[in-house]
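One chain follows as structure tokens, the form predicted alone.
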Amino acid sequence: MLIENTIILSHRLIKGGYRLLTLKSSKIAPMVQPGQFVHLRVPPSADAVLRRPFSVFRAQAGRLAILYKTVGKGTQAMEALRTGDEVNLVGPLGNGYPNVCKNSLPVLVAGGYGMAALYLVAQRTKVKGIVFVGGKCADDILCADDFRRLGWNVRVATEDGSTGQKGLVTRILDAWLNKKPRGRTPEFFACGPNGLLKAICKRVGRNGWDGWISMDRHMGCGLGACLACVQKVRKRDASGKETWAWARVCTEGPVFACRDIVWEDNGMKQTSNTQHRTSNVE
């Protein structure tokens, strides 16, 4: 983990309130692994005193990019950032996605700007797979052409039918799964709203596949000290009996194995935290 004063190389509106912020970063960018995030200090504001966590969209030697949507006071303050401004980052933070297993078929599933957290998985995986992306409308479908340029098969669903197939992203995923793809075993990598993540874990579990999801929780410190971003996970005690424990999403996550998540209504609501979610998915 490093602290770095970065310089804004570009900051532009993409569509539907989504913006792409590209930063000059000589220290943090080369260290980023797929699924990790950075903690950004927003411009001075009486209503936005805490840093904001953002999944890393692109990272290479010398530059780093995040994709975000204006959803609250912190991101509203970020709209004022201009080329040449200095932005302080802490990162890279958290545990990211593992490497794709040998002989697996990587299947990426995203809701809205969950695509941003999955781009480095696609870019750094030698084996090309399939991407399923969903959103409420066409404005919520981001980066699809970026994945296509990497050689991935991209399939799109929107709830209003404005682009791709009409319906939830799980609908087009299930249509593909019902064809019982042959050859390599699917391995899932997902990022999006809790409904989507739970749906993916359900499908992964009943078929005995491997799956990895990036959880979204409100974060205070981003370093594991404040305990604001906990998630129940499965554990085994000394006798081997299955139990559960709290895991900190910012440090033990944000990426967890599907098999480890305890899904229940424990009062934790979906938030606009690490900029992952858009569509409700079953």
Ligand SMILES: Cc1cc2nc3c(=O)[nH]c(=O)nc-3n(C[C@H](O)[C@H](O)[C@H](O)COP(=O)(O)OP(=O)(O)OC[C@H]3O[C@@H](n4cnc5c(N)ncnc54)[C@H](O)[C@@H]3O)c2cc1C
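We number the residues from 1 along the sequence you see. The structure displayed is predicted, hence computed values, not measured ones.
One more form of this protein exists, namely the form predicted in complex with the named molecule; it is left out here, but the text below deals with it.
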In the predicted bound form, which of 71-79, 170-178, 124-132, 148-156 comes within 4.5 Å of the named molecule (heavy atoms)? 71-79
Can any non-hydrogen atom of residue 215 be found within 4.5 angstroms of the named molecule in the predicted bound form? yes
According to a 4.5 angstroms non-hydrogen atom cut-off, is residue 67 in contact with the named molecule in the predicted bound form? yes
I'd like to know whether residue 113 contacts the named molecule in the predicted bound form, with contact meaning heavy atoms within 4.5 angstroms. yes
Counting only non-hydrogen atoms and a 4.5 angstroms cut-off, does residue 219 reach the named molecule in the predicted bound form? yes
